[in-house]
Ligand SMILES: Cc1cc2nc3c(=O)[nH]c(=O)nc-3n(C[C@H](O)[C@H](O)[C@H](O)COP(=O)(O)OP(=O)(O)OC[C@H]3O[C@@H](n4cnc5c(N)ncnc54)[C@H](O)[C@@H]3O)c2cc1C
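One chain follows as structure tokens, the form predicted alone.
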């Protein structure tokens, strides 16, 4: 495979917009949001939709710079913590309520894309969970669990039908989740920003908040060119730590994931996929991929405690691609990149407040597009109306990840699960 030429397909195909000016001078606002990814943007838009427009959003780089503009673009319900664990920890009623927040968020994303005419290549054709292993037990168990406890119904795809949709001998059978979609994640973020700005939210890019301190009953945020005095602050920085509150930063691990996009495949894409659904497989260390409008195949997978160069990403993922689609041997990889996601030890989002006008929303890694929308709605409702729905996440607090030892533990855990996947594959022959 030839080496990729530029780092990100999403950045190369981003919707052009006039950059938002850096914060300059002295300003005041009711609500300050730090972080221009999905969590911050959804909170800002949720506030604007509720009539709260005295909002300032500060982004260190550009809107969607972090994981929000680098991910696989899958939009579906649930969390990184599996449904069974959620059920065991919270009981059926609370687990179902949290799960339903994300399925409602999928619908809200559909509605917002249409309402605000966000040009993000949304493909509302569901997601396929393809079984890497012969044993159908894991799929059957999850299908039954979702139906019995979460009123969520995934369709069974027998091997022959799955292989008609996904032209690979690698898979055995699968499940089809209809209430799911995929999109261009960076253009979705750019569209959310435009929608919020159009309703009065003030957005400032290239505005790194280097200090935040309490001043009377308000918060003072300092950037290199300006200062902002705010009644309330939302920290939504994800894996790109702000360094403003140690307890909040220490509660997450920034973990890298890898993505690449092939050259336009033309008819060769039909040799791989006879479906517009996105696909991921049943291993812990799974591949995920989806067709793009220009007949490229976007491919992602693996996690690590460090970013890698585009060449290294292409080498690793290129090997994974050919295991599934050997018919693509020799295909050129035009783009390869990595980005940092935020993970908590408990594998759930951290959505909360200290009761002193400071809020946070983070740890959406691995399953973030719908949960960030849900979190933004919860925070917007809390700030605008005093709603206490955000307290549904009270079980999932700011547990320290004990960096740097936490990085070693996370990498060791990933390698252990990866080796289990390998061993099980070998046993099946």
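Residue numbers count along the first chain shown, from 1. These figures come from a predicted structure and were not determined experimentally.
Omitted here: the form predicted together with the ligand. The next part is about that form.
*Asks:* Closest heavy atom of residue 74 to the ligand in the predicted bound form, within 4.5 Å or not?
*Replies:* Yes, contact at 4.5 Å.
*Asks:* So in the predicted bound form, does any heavy atom of residue 360 sit within 4.5 Å of the ligand?
*Replies:* No.
*Asks:* Answer yes if any heavy atom of residue 67 is within 4.5 Å of a heavy atom of the ligand in the predicted bound form; otherwise answer no.
*Replies:* Residue 67 belongs to the contact set for the ligand.
*Asks:* May I ask you to state whether residue 238 is within 4.5 Å of the ligand in the predicted bound form, using heavy atom distances?
*Replies:* Heavy-atom contact with the ligand at 4.5 Å: present for residue 238.
*Asks:* Residues in which of 195-203, 229-237, 124-132, 158-166 have heavy atoms within 4.5 Å of the ligand in the predicted bound form?
*Replies:* Careful reading of the contacts points to 229-237.
*Asks:* When the ligand is placed as it is in the predicted bound form, are 38, 242 and 369 each within 4.5 Å of it, taking any non-hydrogen atom of the residue?
*Replies:* Yes, all three are in contact.
*Asks:* Tell me, which of 187, 102, 207, 314 has a heavy atom within 4.5 angstroms of the ligand in the predicted bound form?
*Replies:* Among 187, 102, 207, 314, a heavy atom within 4.5 Å of the ligand in the predicted bound form occurs only for 207.
*Asks:* Of 333, 259, 348, 118, which residue is found within 4.5 angstroms of the ligand in the predicted bound form when only non-hydrogen atoms are counted?
*Replies:* Among 333, 259, 348, 118, a heavy atom within 4.5 Å of the ligand in the predicted bound form occurs only for 259.
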